[in-house]
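Encoded as structure tokens, the following chain is the form predicted on its own, with no partner shown.
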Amino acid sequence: MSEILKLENINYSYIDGGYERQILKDLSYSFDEGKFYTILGPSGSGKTTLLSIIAGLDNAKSGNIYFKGKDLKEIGLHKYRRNDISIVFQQYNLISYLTAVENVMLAMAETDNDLPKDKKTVAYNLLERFGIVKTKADRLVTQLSGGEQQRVAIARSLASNVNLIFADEPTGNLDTATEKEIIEIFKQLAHEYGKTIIVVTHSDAVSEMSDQRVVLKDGTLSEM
């Protein structure tokens, strides 16, 4: 497996009650292609902050992040977010007044990556791959169950043909059976489609199904 994402001496802090609180301390770690990672850690350890930084949504105070060997500063955060990554959220973050297929097609309109011309057919096929048949794909997403909406969110994350998929507590609102189904999808994306999946979670059940469990503690990452 080849390295796709490298974190080098990442530091992050903020001011809390007049004091500087250090969240990430000279954090370094590398992620490989085609692998499913979970990041665990106690509440307040900075897991979501770390995910925001590696997704280009927030900036570290110091340190460097490399995607396929190129510094994100050189790539440009906007271009990186547009063409190289997707994020799956706990609350799904779907557009409520659009159908499932329209939500997936919207992601295709927001990338510079090469995509098939018949985007609607591709969107339907992606959704069906994750158990959303055409009759459901044509419904407003608010008419779908929580598990179905998360499947739509995952299909949307694939629609722009990115290499990295990040997820922040993606199964937090789902029952145990649906949680397991969603994690199986993540494993499939890593092992069959070569995507790098990085999931922040509190769930031991989720982390035990990943390829690599990583713990964020005292500002640094270490493998279990």
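What you are looking at is a predicted structure, and each value in this text was computed from that prediction instead of being measured. We number the residues from 1 along the sequence you see.
There is another form of this protein, the form predicted in complex with a small molecule, and it is not shown here; the text below is about that form.
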Self-check item: Contact of Gly46 with the small molecule in the predicted bound form (heavy atom, 4.5 Å)
Solution: yes
Quiz item: Should Gly69 be counted as a contact of the small molecule in the predicted bound form, where contact means heavy atoms within 4.5 Å?
Solution: no
Quiz item: Does the small molecule get within 4.5 angstroms of any non-hydrogen atom of His202 in the predicted bound form?
Solution: yes
Self-check item: Ile23: touches the small molecule in the predicted bound form, heavy atom cutoff 4.5 angstroms
Solution: yes
Exercise. Specify the contacting stretch among 36 to 44, 158 to 166, 175 to 183, 60 to 68, defined as having any heavy atom within 4.5 Å of the small molecule in the predicted bound form.
Key: 36 to 44
